[in-house]
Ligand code: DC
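Next up: just one chain, as structure tokens, the form predicted alone.
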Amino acid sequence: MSSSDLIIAIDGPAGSGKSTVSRLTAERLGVPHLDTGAFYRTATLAVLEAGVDPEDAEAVVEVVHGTDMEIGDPTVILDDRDVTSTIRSDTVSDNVSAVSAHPEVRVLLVDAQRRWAGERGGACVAEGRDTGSVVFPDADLKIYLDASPEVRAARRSGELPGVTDVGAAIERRDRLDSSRTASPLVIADDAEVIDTTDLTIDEVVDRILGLLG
């Protein structure tokens, strides 16, 4: 299979390893890495900076529609400002599920994600929570990563130093993302499920590349 038009969609909950795995997989294949979550985090930051209630669908859509964002890897630009670090703040993390739950927001950003891939030649390794089920339903390979709750919490604890109960924060995010009406976190019917609990990053990447045949 040629990597020139290859699309791999990697989904999974927080702490499953999808960010690191997807970046390394893209690097090994020599294709762009698409972090779909960065789109929603950037939109959330724009909403918060506009003083809009994340639950107010109409106001949120208006802000997102008028937002100029450039999603790179890793640099993220919002209205000509580098917000690469800011979109990973606790405040954004606490509100991203509410913003991303609005159906019209998802329509806007899914379209932006597909354009992102097209502008870079069409091939990519995309990570997120609906990349295989919604963004790229015809992806050449769909992967769903998971791990035990304890391992996921341990992995995230180093990334969320200001959060006292990482396990509870993960459980809340998973519950919100899995129960939303628009593009919930699900395992695509044709996805390969990989439990990363007892695997190293390299072992997971090797398993994914092995599935390409």
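Throughout, we count residues from 1 along the sequence that is shown. Note that the structure is a prediction, hence the values are computed from the model and not measured.
One more form of this protein, predicted in complex with the ligand, exists but is not displayed; see below.
*Asks:* Answer yes or no: in the predicted bound form, does the ligand come within 4.5 Å of a heavy atom in every one of S97, G128 and R156?
*Replies:* The answer is yes: all three residues contact the partner (heavy atom, 4.5 Å cut-off).
*Asks:* Residue-level contact is defined here as any heavy atom of the residue lying within 4.5 Å of the ligand in the predicted bound form; does R106 satisfy this criterion?
*Replies:* Yes, R106 is a contact residue.
*Asks:* Mark G37 yes when one of its heavy atoms lies within 4.5 Å of a heavy atom of the ligand in the predicted bound form, and no otherwise.
*Replies:* The answer is yes: G37 has a heavy atom within 4.5 Å of the ligand.
*Asks:* Give a yes or no for R88: in the predicted bound form, does one of its heavy atoms lie within 4.5 Å of a heavy atom belonging to the ligand?
*Replies:* Answer yes; at least one heavy atom of R88 falls within 4.5 Å of the ligand in the predicted bound form.
*Asks:* According to a 4.5 angstroms non-hydrogen atom cut-off, is R152 in contact with the ligand in the predicted bound form?
*Replies:* It does not: once the ligand is placed as it appears in the predicted bound form, R152 has no heavy atom within 4.5 Å of it.
*Asks:* In the predicted bound form, which of the stretches 175 to 183, 142 to 150, 45 to 53, 66 to 74 has residues with heavy atoms within 4.5 Å of the ligand?
*Replies:* Contact criterion met by 175 to 183 only.
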